[in-house]
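The data below hold one chain only, encoded as structure tokens and taken in the form predicted on its own.
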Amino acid sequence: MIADSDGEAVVEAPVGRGGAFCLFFQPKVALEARRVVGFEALLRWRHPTRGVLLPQDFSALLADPGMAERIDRWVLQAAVRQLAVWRRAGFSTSLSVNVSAHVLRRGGLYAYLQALFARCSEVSLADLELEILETALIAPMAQVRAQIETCAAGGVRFALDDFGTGFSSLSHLKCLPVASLKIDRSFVAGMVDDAQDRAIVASVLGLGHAFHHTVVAEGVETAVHASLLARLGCDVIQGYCVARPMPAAQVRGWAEHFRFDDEWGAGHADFRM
């Protein structure tokens, strides 16, 4: 069920085992521009007894191909509707949404997105970015590539998520119309203390910029991490350092009161490379 209330959307889908799926939203901040450039929509389960659960807490549900595809399509529907509700309330932003291999391999994704946006005419396909895991691209690659190319030609942006953990990263950069790379959080978490993680982060940044992609670091937990990323030339950061994922009702207020922390800048990285 999706119901509007005071310019916000209460977005939930009942789960057979009790409670409901919902979306939380985490901001992304551009380091050079020092501003919020969008949010990522994140799936959560409001459990009747266990509280708000993360995807790893209900991974068994997501492992089922049929269920995973239904959840993906619901998340897309809820995200587009939320964008429209915010736009009607005078708040404009973009959203990134994860899509699984099941949706990419099924076919018809672009037609589904067109239908969603036709019902929410306040927003456009350009307001949406789809995040795909490298592992979703292993096979059948031709079908997945065709889906991505069709959507990209229609204005949908794509990001490669958890970049660096897959098996054919360079071929993906060469043949897929992606706009952004997201550095895996495991490398970001260790980059301050681990020279190898730091080298991986620097390498991904170099590759991404060589292919003219925006590079996003996720899992940025501290100002030290943010500052070091700024020194390395990272474009966008996302993580607890900026803000924890929040319900839709909190997003607009948070964005209106956002102030860039000077300690995230490159000049505050007291670190020998």
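Every value quoted in this text rests on a predicted model; they were computed, and no experiment measured them. Sequential numbering from 1, following the sequence displayed.
There is another form of this protein, the form predicted in complex with a small molecule, and it is not shown here; the text below is about that form.
Note that among 228 to 236, 205 to 213, 61 to 69, 41 to 49, the stretch whose heavy atoms approach the small molecule to within 4.5 Å in the predicted complex is 41 to 49.
Exactly one listed residue, out of Glu129, Asp197, Asp162, Glu149, brings a non-hydrogen atom to within 4.5 Å of the small molecule in the predicted complex: Asp162. Proximity to the small molecule in the predicted complex, defined as a heavy atom within 4.5 Å, holds among Arg73, Arg185, Arg157, Arg145 only for Arg185. Within 4.5 Å of any heavy atom of the small molecule in the predicted complex lies no heavy atom of Ser94.
The small molecule is not drawn, but in the predicted complex it has a heavy atom within 4.5 Å of Gly219. Taking the partner from elsewhere, Gln77 is found to have every heavy atom lying beyond 4.5 Å of the small molecule in the predicted complex.
Although the partner is absent from this view, Asn98 contacts the small molecule in the predicted complex, with a non-hydrogen atom inside 4.5 angstroms.
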